[in-house]
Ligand code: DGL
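Before any questions on binding or motion, here is one chain by itself as structure tokens, the form predicted alone.
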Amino acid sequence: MQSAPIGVLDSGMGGLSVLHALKRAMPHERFIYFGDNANAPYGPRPPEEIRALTSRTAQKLIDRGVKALVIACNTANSAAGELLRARLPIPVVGVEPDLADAHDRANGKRVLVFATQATLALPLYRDMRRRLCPEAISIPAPELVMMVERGVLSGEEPEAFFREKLRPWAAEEIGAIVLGCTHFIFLRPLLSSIVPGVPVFDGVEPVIDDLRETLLRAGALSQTGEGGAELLTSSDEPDIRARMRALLAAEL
């Protein structure tokens, strides 16, 4: 069981940011990443379609013999996480908007949450916002998903988007920003240059902690050997794997 790989899934490229962090935190583990790039983005799709797509990808990874599954997509986890945890025979952990830490660090100032339309509309986020950070301001940002899918991580296009969305508030009014989509983590350096000093939360560390503790309790944590990552995609675009490798190697 220790030598079996860990499955990581996403609607497309965004979960590579989570895989990047997992590889650093768990260097002896082998990972199989599946990006459903042919069906990205998930954000505009209805919940039942997101559940079906996520379940199909999860089954592909189950068929590859993974010992645990990481849903490295806020939208997929919001729509299908509870369902997969109930149905699958392996541990399932999923990324969520880190509203609790953002609320604690904001010191009474505004908390801004960038996410997809589906994540913001689904019960998981709405319940978390009500319980943990009712003052959070939700900002749909589907444009950012497609920028990252195209490999646009800096420059005029994403900078103009952030500046326009942040324009209603002075920098000193913003206490914290939550990146509620793993695609957006690739744009974190740019965002931090626009609002320097504002803490940005992406929800990845809780996933790493949860996964490590789950595997440790099950005696399935790899603590020796050489780790690695295999990248899979549902897309037949000729350059998609090269773009995936470039994003996985990006400096975060």
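All residue numbers refer to positions in the sequence shown, first residue = 1. The shown structure was predicted, so the numbers you read here are calculated from the model rather than taken from an experiment.
The form predicted together with the ligand is left out here; the points below concern that form.
Distance criterion of 4.5 Å from any heavy atom to the ligand in the predicted bound form singles out V145 from the list V145, V113, V93, A80. Although the partner is absent here, G43 is a contact residue: one of its heavy atoms lies within 4.5 angstroms of the ligand in the predicted bound form. Residues of just one listed stretch (178 to 186, 152 to 160, 105 to 113, 130 to 138) have heavy atoms within 4.5 Å of the ligand in the predicted bound form: 178 to 186. Heavy atoms closer than or equal to 4.5 Å to the ligand in the predicted bound form belong, across 45 to 64, to no residue whatsoever.
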